[in-house]
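Two forms, one chain: they're shown below as structure tokens, one block per form, named structure 1 and structure 2.
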Structure 1
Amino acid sequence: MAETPAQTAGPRKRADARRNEEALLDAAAAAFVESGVDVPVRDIAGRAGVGVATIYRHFPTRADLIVAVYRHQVLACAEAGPRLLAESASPHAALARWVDLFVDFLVTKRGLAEALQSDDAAFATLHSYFVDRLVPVCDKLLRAAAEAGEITSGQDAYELMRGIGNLCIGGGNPRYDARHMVGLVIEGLRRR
């Protein structure tokens, strides 16, 4: 008798274990935004409503937790693109909403840049994970907007995302509004 794909795929996490992990990742992300990636693990555990041991059972090191949060947020941003394209009034509106999510992702990475510069091998693949997941989503949104005649065709997704990232660097200055600057760029893509 042949095994089903579910039987050969290995053990699947129980639904409650997946929910606990999601709550943990969301709590860690919120704590990272407020206090940086060096926030005490007990603070993250308190936010998630779990014990510290639960965090270490899922993520044995701080680097493992940081990587998991980063990947979780990249995946959420990637999954939002097709959904926004289906729900929005126009492809340009979908692009603008997705870019807004992307800006949220970028400006909430307090302390992550320093962690990524460390020698920890856990961080080595994060940049390529980010590029591999998000650039195709941005490209699809750009192409849809161009096909609808809303923007000039031939826009490069990586170049746009890199530019948005550079605009978000100054986000810590109270006199600088990264979201406003990015909005000007997205509006500037419109075909006149």
Structure 2
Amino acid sequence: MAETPAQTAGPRKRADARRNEEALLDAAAAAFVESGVDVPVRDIAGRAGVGVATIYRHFPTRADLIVAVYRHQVLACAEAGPRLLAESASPHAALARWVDLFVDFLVTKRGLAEALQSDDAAFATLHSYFVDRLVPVCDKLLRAAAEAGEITSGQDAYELMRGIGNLCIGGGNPRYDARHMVGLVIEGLRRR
């Protein structure tokens, strides 16, 4: 990697393209924060200093772009599950901490929670991505807690994730603390 793969022939384009893609992801992330995930395509292109068509080339649908922007964080969240299970005092505690991470993620991504619940076909890919990565993790935590006798068994991880996602909508409101509401849900899971 001592070469600078930029200037003249062959792989130049690819390097350019990769750089472009990264600029795009940065720009999109910034735009998402500022205006939500349904910010106009042009705004993103403008921030990235590229033409709109470049976005379409790299990310055919908006969902593809959103997924790419949040890929790392989703993966990190998925990977945290088993770790927390190992570290925590109990499976229920692990679940609580893991859910907290997920909430952390969502409340800082304006409009993402809304998009995740949208039944718009354009967001199906986005929805699947999150579901495929995170629901199994959540399921494992739920099962562990059930086996430990801490919560009622038979709780559906998809439903729980979706509910939590819903609760994270509207993060800007000072009178509404999503984390608190989610805490009630997790508390409510407890066996009596």
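Basically, rigid core = biggest C-alpha set you can superpose within 1.5 Å across the two forms. Quick caveat, the model's predicted, so the values are computed rather than measured. Structure 1 provides the reference sequence; residues are numbered from 1 along it.
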query	finding
Of the two forms shown alone, the one predicted together with the DNA	2
Rigid-part match between structure 1 and structure 2, residue 133 vs residue 63	no
Smaller rigid segment rotation relative to the larger between structure 1 and structure 2 [°]	56
Core-aligned Cα shift of residue 37 between structure 1 and structure 2, given in Å	6.9
Between structure 1 and structure 2, how far the Cα of residue 21 shifts once the core is aligned, in Å	12.4
